[in-house]
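One chain follows as structure tokens, the form predicted on its own.
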Amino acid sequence: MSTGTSELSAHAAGVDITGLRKSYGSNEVLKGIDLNVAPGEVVCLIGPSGSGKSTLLRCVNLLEQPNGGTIMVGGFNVTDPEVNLDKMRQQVGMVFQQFNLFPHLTVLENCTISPIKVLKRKKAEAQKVALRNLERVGLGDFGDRYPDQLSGGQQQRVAIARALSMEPTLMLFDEPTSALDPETVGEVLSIMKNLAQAGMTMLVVTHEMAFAKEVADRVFFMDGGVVVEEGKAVDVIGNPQQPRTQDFLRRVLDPTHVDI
């Protein structure tokens, strides 16, 4: 679990979600979610597909517009119509299922384009930060390569370095290993584990139960747009109390089991 006490923790942004609702037409995907992430904490969201996990994550930085409730990220009320969205998003890094790298840019250029254009950094400064983060994800010598010259796991590690190069205080991960070959999943999870140990605040949607149990401080199990169970990772995954959580974990952890 995350026990990092580095300089990251001192400047981390927490998340406070109260009564979050999101609908698409008559389909209510989030039904009044209450959730918080303390600065420096790692929280994992688990649950079946369609339970609202990714939608919740996307609401945190307004990639999806909530229909109700409040979201606080650091000192920003994300759901306030007057919020300075650009300033808020500078605190928040997000890594998606797909890598979304610019194919015509090198690895280094992918990691510097936003700091230069959004943060108005000098090119040399942006490159220095980007190279440091590429080293951090084990790709320090890959700066001049293009995305199509990389494996899926390497591309996702570049995506993490790109997010880190904006120097966020909160990282959102939306099933970052779901598009990867099984052999490359571990290298991405290792990077995320290192970030957690360094004190980065993280909100992670994942199906990797071993990762969640080892790295997360708390786990929220979602189903049908509500939080069914939450608590310490070792308790929710190792000894779930709710029947729906028990059923889900039995199917995930023992996928060959069939009820007759």
Ligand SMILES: Nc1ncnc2c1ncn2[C@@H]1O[C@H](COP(=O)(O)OP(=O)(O)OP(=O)(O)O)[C@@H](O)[C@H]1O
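One-based numbering along the sequence shown. As the structure is a computational prediction, the values presented were derived from the model and not from experiment.
Quick note: we don't show the form predicted together with the ligand, though the next part is all about it.
The ligand in the predicted bound form comes within 4.5 Å of a heavy atom belonging to residue 175. Within 4.5 Å of any heavy atom of the ligand in the predicted bound form lies no heavy atom of residue 68.
Shown alone here, residue 52 lies within 4.5 Å of the ligand in the predicted bound form, counting heavy atoms only. At least one heavy atom of residue 207 is located within 4.5 Å of the ligand in the predicted bound form. Proximity to the ligand in the predicted bound form, defined as a heavy atom within 4.5 Å, holds among 29, 228, 233, 35 only for 29. The chain is drawn here without the ligand; in the predicted bound form, the stretch among 195 to 203, 54 to 62, 36 to 44, 210 to 218 whose residues come within 4.5 Å of it by any heavy atom is 54 to 62.
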